[in-house]
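The chain below stands alone and is given in structure tokens; this is the form predicted alone.
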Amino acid sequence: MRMPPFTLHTPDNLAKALALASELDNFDWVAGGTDLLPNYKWHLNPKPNVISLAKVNELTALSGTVVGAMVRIHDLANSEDAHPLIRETAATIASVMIRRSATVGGNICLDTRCYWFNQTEEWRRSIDWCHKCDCDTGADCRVIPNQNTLCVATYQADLAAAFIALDATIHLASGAGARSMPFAEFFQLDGMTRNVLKTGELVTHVTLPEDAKNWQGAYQKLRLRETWDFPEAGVAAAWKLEGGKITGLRVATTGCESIPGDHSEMAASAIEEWSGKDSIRELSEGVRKAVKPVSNTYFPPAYRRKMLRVLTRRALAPLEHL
């Protein structure tokens, strides 16, 4: 497939990158390119300008509480400084080859996916367009017919669930300044908008709370093959133990809706009267009911919901006897 023409810009620091973003009318950021470039080859909403962040060293910080947007997934998965839950989650992403190029920021900002969208231009033209890539035809959504106000494409990135479970904060920057917010608030429930990034704004880094080192966790995911494939469902759980009792519990999901799900209020309620396996069973069922996938990925929605219950129980298995 032939790549559409575009101008590539390669600023060597963050200030220059943000200045370029202020000057250009229509552009995309590119980090590792493992998602953006295949989409461009399929002519999925390409832009005339692309700003590469490959040379912006300010975005590569990595420590126990800071993860830069340009940190490679492979480096994150193998870092002794990174939180164990983040390392575990990173190691499940795609394949080694992809992880060596893909970045944390790229995974966080991964474009939502859908059967009707992630196809070649020829395929999409043959069956008519969809709302997310309508080529100025005003096409309706193919998943939910007769509406073109909301895209239900699925968010299928892994790291978001782990960052939400660890109560992380995401940091953004633009020519107008910097801002930050709780990680779960970064996302917007629409497969086209996806997140709160404004024009010319980018993710710089993610920070974890100082006490994150006192939290343990686990990540479980469902996918067609053990490597390469995006998650059809994913569950991240994080917990804090003091004196043999659970004093904190957070659960987040991914791969089932247009945004990752934060189920931490439900998890916090569960530990008030914790009873091991019974509490895990009730919490897992609550997560299953809370998530509502649609029919736009490989596995059908009913199966993905059932598997969310299984994945939640597996992630919380270390707490069964508490």
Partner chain sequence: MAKGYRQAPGKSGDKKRTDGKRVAGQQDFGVPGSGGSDPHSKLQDLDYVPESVGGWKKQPRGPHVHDRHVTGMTIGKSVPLVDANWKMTGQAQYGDDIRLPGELIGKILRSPHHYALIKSIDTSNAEAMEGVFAIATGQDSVNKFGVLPVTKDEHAMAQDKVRHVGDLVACVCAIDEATAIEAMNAISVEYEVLPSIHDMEDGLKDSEHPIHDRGKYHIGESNVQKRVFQQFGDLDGMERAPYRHEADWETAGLHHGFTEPHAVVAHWDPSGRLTVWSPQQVPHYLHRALSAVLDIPMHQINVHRTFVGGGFGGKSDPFPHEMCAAILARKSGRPVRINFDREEVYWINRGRHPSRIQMGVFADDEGRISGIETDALIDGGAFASFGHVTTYYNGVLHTAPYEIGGFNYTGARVWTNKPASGAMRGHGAVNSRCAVEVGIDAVSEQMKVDPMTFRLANLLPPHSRTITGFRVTSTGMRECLAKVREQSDWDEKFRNLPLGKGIGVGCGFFISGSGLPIHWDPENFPHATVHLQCDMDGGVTVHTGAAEIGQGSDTAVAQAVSEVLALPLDMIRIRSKESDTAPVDLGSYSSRVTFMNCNAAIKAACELRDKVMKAAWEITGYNPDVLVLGDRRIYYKHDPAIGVSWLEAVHKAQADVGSLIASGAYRTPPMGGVHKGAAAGLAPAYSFSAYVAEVDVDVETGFVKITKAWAAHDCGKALNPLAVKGQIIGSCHMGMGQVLSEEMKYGRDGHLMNPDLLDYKIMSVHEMPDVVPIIVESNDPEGPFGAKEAGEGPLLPILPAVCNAIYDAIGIRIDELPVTPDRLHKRIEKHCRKLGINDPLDLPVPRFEAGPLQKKLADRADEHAKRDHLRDIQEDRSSYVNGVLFGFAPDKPMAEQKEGWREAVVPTPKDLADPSKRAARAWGHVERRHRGDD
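Nothing here was measured: the structure is a model prediction, and the numbers come from that model. Positions refer to the first chain, counted from 1.
Absent from the display: the form predicted together with the partner chain. The rest refers to it.
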_Candidate stretches 233-241, 165-173, 111-119, 79-87, one within 4.5 Å of the partner chain in the predicted bound form by heavy atom_ = 111-119
*asked:* Using a 4.5 angstroms cut-off on non-hydrogen atoms, would residue 134 count as touching the partner chain in the predicted bound form?
replied: no
*4.5 angstroms heavy atom contact with the partner chain in the predicted bound form for residue 16*: no
*Should residue 178 be counted as a contact of the partner chain in the predicted bound form, where contact means heavy atoms within 4.5 Å?*
no
*With a 4.5 Å heavy atom cut-off, would you call residue 27 a contact of the partner chain in the predicted bound form?*
no
*So which of 100, 198, 125, 213 gets a non-hydrogen atom within 4.5 Å of the partner chain in the predicted bound form?*
125
*Has each of 55, 58 and 185 got a heavy atom lying within 4.5 angstroms of the partner chain in the predicted bound form?*
no
*Quick one: name the residues from 34-55 with any non-hydrogen atom within 4.5 angstroms of the partner chain in the predicted bound form.*
42
